Structure formats: structure tokens, C-alpha cells
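As C-alpha cells, the next two blocks hold two forms of the same chain, structure 1 and structure 2.
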Structure 1
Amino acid sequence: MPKDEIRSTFKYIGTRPNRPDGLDKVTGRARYGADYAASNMLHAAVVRSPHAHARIVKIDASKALALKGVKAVVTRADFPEGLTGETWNLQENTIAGERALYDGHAVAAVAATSALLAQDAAKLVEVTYEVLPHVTDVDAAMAEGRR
């Protein structure tokens, strides 16, 4: 008999209890973050950098905001300034500041009354980039003069 099937006198150790969340998870009833909906809920879409490294010259959200049902466009300008240490690091990863630091770095986010509308509006956010040289390994990233 395998050791994990040996019954002991313990109440739980040595037994094979069913996990308490099992029933909800095999029936599709378990609720994950994306499964929640609320009345008047807005949907978001993120505008991401197509460049590995670029200075963000200008973000023009006027065309996106002109669509009916688009409620807000946020950029780094809407975030706090002067953070340091790990909170700064988290913010820098959340949304690009002066520069986009990788292909896919979030530069803006749109909130709208539907997911499709938010995605349409995200495509209308005009970001002007000044493309900068990028590096592809750690040694180059740490080289003199890099930041």
C-alpha cells in the first residue's frame, strides 16, 4: 500500500480529502476576477508601445475621447509624481513615463462603455515616439553611459 494511503489515527493526516473549492471549479461556478460584472461597469483597453525603447514625445487622446461612450483616457500624467524605490519601480512597470522601456509597455489606457468600444478608442490614441537605441542583453544594459 502506498504510504499516502495508510490510514492513521490522525483526523486529516493520511486521509485523502476533496479540496473544498473542487465542486465550484468543475462546474464552472467558481468566480474569477474577469467573471464579475456590475451595472454601469466600464471596460478598459491598453495602448502599448510598439517600440523596444522610445521617448514619448506627445500623447493625443482627443480622437479617442470624441467617441460616444469613451469616458476616460489615462496616461502617466494622471499618476503621482516623486515616488521612489519599489513604489516607483511598480509605477514604472505599470505605465510608461518619459520613455517606453520595452515593446508592449503600457503608455495609455482607455475606459469605455463596452470592451469593443474601448479597443476601437485605444487605436485612436495618437502617440508620437522618438525611437531610441535598444539593448538585448544584460551586459549591454549595464554598459557605461546606459540608463
Structure 2
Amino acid sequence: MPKDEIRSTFKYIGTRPNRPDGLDKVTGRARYGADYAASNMLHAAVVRSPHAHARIVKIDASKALALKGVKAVVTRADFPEGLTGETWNLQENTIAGERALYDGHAVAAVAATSALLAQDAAKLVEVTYEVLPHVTDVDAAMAEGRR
């Protein structure tokens, strides 16, 4: 089938649809979620594991909490226990429990009065890890997840 005939069978493919938001985006006038602020709004920063697989031995947030403007540091200890099924999976992928399961797994979150303060406070959260061997095989990963 020739290209022109293929194009004519589709409504949008091969066309240049009107982009009503295009001008605002290229001129910087477009507003995104991060552009909005509310009075007394808190900002968050996430502390992430630098290890592909590690047991979380200890999380010390005392230095972060000592900063003026830091309102909270949340860890897995602040989440409900005893969840099962999809709720457990969602929680496990939201914040690490006893183990960080991948490089970048969230370990803690800091809430502060400014984004910069939240980022600075996140750097002060001290996490002690026991690095564990990581797995690269699907079957081994499933077995590891059941432990």
C-alpha cells in the first residue's frame, strides 16, 4: 500500500494537528502543577537508596528535624502494618520497609516550608544500610521477594 493511501486511512497520523497550547509552551506562559503555590504549602524531598538491594539498619532523621521549617520526616515506620495483596504492593513500592529493593527506592520523605529546605534536610537524613547481593534473574528475584 502506498504511503499516501496509508496516511489517508488515518485521521491524525501524518497530519499537523492544531496545538492550542503550543504558543504558551514555547513562550514560557504555560502553567504546570509545579508553578502553583498555596499559602502554608509544604514541599517534599525524597531520600532514595543508593543500593540495588540493602537491608535498612537505621534511619536517623534528627539532624533534618532540627532545621527550622522542617515539619516532618516520614519513613515506613509511619505507615500502617499488616497490609496484604495490592495494598501491600502499593506501599512496598511507595517507600522501602526493611529492605531497599532497587537503586533509587524511596527510604524517607521530608516535608518542609520550601523546596530548597526540603532538599537540604533530605541530605541530612542518615541511613545505615547493610548491602545485600542483588539478583539479576527473575526466578531468583521472586524467591527473594518471598523472604
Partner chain sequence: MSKIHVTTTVNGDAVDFLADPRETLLDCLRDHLGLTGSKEGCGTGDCGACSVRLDGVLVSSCLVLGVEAEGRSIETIEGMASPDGTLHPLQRKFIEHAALQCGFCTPGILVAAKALLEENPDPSESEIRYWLAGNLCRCTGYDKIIRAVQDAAAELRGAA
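For numbering, take structure 1's sequence and count from 1. What you are looking at is a predicted structure, and each value in this text was computed from that prediction instead of being measured. Here the rigid core means the biggest group of C-alpha atoms that line up within 1.5 Å when the two forms are laid on top of each other.
Between structures 1 and 2, only structure 2 derives from the form predicted on its own. In this overlay on the rigid core, Pro17 has a C-alpha that sits 2 Å or more away from its partner position between the two structures.
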